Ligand SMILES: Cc1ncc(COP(=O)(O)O)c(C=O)c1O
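The chain below stands alone and is given in structure tokens; this is the form predicted on its own.
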């Protein structure tokens, strides 16, 4: 009875850390960028962050850009992907993963995900391979790396690119290698919700010299990497994707915090897991020893009790817990049937994907906010008790 009285108290915003986190280091970095006078256009800080981030994730080249969405588009263009091509992608992801494919003119082909992780199911991916497939775009949902061994084998056998959407996965590792270094190329986001943030921003990462060279030109208004003048050398159709110095200044400082924050989020998630394991109505993600580090972007589990998820979430929120539903199935959203999609790809979207696991997650997934995993340990223990109580009430 004493535990029930204690956990009946509502959590407040003060119980969970605000995000982003910063101090005088970011303030000093911004002032230095202001006073330096070069606020953009391949500035010193943007190039420095690209170099540091490349070393951090273990790749040869990183290009800093304005957004994660733009990073995806540039990566696809750099791989020569366009009209008539297909890119295999999960339907359980943020809209940008799919809209980037359409904006370059290619057709997204939806492979199902694993019901326990939300990441691409390799068996479903294999079934989606056709003569028009040019790439597999693996999304590390919630910061959890996909099965990159299986996906690499499929891509290699099919002769197609394997690419990473690592927007959730800064600091995550697969068998000791950082997300973003596990495929032909990767796209990152530094938007304000991400575990490494500059407010906005993104990056293309690769070890492939050709992909890097083309992405560089595309992001720099088509200019050659080295030329004799303003438009010297080869000029491509490009865009202005260059990162501003303000974002890079913040990111350089935020990168110094990343590993410690990832570790603390993982420890916070372990508290929830230990308490929730075996709770009726709750299915937890499995452990995979090949995942050697986790970003902790968010903690995802499934609610499959008798009461609808909406009621479960409502009770969590009434207590003040920072929880929400997961992604909807993207192929059910209007974006694929909007006139812009047809104008970009040259085709209507008429496919009816067979993705039962995506449908299950769209109905059952619950997200515990990643920044909340940075809370005090006693707060997370208390949160776990509250979640367990509500589950027992509704199961």
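Values in this document were obtained by computation on a predicted structure and should not be read as measured data. Residue numbers count along the first chain shown, from 1.
Just so it is clear, the following notes concern the form predicted in complex with the named molecule, a form of the same protein that is not shown.
Taking non-hydrogen atoms only, residue 205 never approaches the named molecule to within 4.5 angstroms in the predicted bound form.
Contact annotation for residue 239: none of its heavy atoms lies within 4.5 Å of the named molecule in the predicted bound form. The named molecule is not drawn, but in the predicted bound form it has a heavy atom within 4.5 Å of residue 69. Contact annotation for residue 327: at least one heavy atom lies within 4.5 Å of the named molecule in the predicted bound form.
The listed set 217, 300, 261, 97 contains one residue whose heavy atoms approach the named molecule in the predicted bound form to within 4.5 Å, identified as 97. In summary, among the residues 77, 265, 178, 194, the only one with a non-hydrogen atom within 4.5 Å of the named molecule in the predicted bound form is 194.
Segments offered: 143 to 151, 121 to 129, 239 to 247, 164 to 172. Contacting the named molecule in the predicted bound form at heavy atom distances within 4.5 Å is 164 to 172. In the predicted bound form, no residue of the candidate spot (133, 160 and 185) has a heavy atom lying within 4.5 Å of the named molecule.
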